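In the form predicted alone, a lone chain appears below as structure tokens.
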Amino acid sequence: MSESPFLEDFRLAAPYIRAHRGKTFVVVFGGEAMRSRKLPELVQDVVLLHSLGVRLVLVAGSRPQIERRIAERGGESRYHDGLRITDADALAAAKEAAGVNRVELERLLTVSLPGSPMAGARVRVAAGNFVTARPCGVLDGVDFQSTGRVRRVDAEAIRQRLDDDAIVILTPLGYSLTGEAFNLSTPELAAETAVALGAEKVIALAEAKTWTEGGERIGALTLAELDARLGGKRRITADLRLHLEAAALAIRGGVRRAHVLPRKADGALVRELFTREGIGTLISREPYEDVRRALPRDVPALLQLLEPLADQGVLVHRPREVLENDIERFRVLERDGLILACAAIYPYPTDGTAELACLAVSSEHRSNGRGEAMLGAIEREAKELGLASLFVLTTQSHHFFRQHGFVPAPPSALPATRPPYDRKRRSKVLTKKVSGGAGAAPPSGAG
């Protein structure tokens, strides 16, 4: 490992830089961000993403700015079920706030002073009438007046600006074919835009703190898990709920991933997109980290994962040619194109058992249940093969396997067709019953 934390972090970010290049991200934030002293830092992070080849659409909210303008006019903001009732005064305030916010973003994106983080950036910015809207109408007997819903996003026009290397700015206003203006929900606008563009990600910078449960950050959820939480009794703050509902809308519409981040956290965008663990909550239709069969192209990553453990004596050394020959036996846990963990299964059908080998997790990810995930995947595969048990040989992970249901067994219990037991290495043998298959029962006894 490098002596410089910066160098180590920068090297670890390289796969994410490659993965994100050329992708379209829709980034949404509220009016609270627009009035924050940290807005210039957020813009600098946006420009950093742009310079790394990410195609960006920014959706900037303006709720607090609208509130202030309505109050200055002596009016009162009115809501129903969290949705603003946009009368004539509120619409005028929404137009003013949207215009001022757009100009402020354009101003900050134009900064290019020598010696600043944006020196030489020369960012192009595009805005326009990209969104067609329709009125919400009357709901529950309440006339929402000029509050609207997204009817259509002109994806082709936005893509033309993105192809021209511009950052596109959207404000929460849409226009009807009859020339009316409508005030829109910013999170919904971001979700609909991401769907229309076929964006890779929609990223929400929420005002809420990191979403936690039992004191632990909720790092990733499937769409089904998110739906269950949204329909549950546990309280979710109004701002966070709006972004989570919009994330669900985007995922249902075909967006691959949605991220909800704590806007106030320093460098939230960069930390979420360029570090392995991130900082917020990621939502995807399927599990974000998938266990799959290893492929020949995974051999270099497996070597990188296994060799340090072999050097420490934790695993038996397996040269490249062995991994290439046995690649069909390996299963890997992948995240964003990175191999975080692996394990191998060697079946002995006549003995009704299989060997679990090469269970390894990268050093940065050993506290997040990935070892358990690999173990579970191998156990499920053994069951599918109709085997009754698994066995493992280990020198330093005895307690891990005991905690997961394995019991000691003598070396003599190993299948006769397996390579001979290495008495110099003196590995402990453990077994676990995994199903009621037709094969032999797992051996037991002191190791």
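Keep in mind it's a predicted model, so treat the numbers as computed, not measured. The first residue of the shown sequence is 1; numbering continues from there.
Quick note: we don't show the form predicted in complex with a small molecule, though the next part is all about it.
- Heavy atoms within 4.5 Å of the small molecule in the model of the complex map, among the stretches 273 to 281, 170 to 178, 318 to 326, 353 to 361, onto 273 to 281 alone.
- Annotated contacts: 23, 55 and 161 are all free of the small molecule in the model of the complex [non-hydrogen atom within 4.5 angstroms].
- Taking 78, 257, 149, 229 one by one, only a single residue has any non-hydrogen atom within 4.5 Å of the small molecule in the model of the complex, and it is 257.
- Listed residues 219, 135, 347, 262 were compared with the small molecule in the model of the complex; 219 is the one with a heavy atom within 4.5 Å.
- In the model of the complex, residue 201 approaches the small molecule with a heavy atom inside 4.5 Å.
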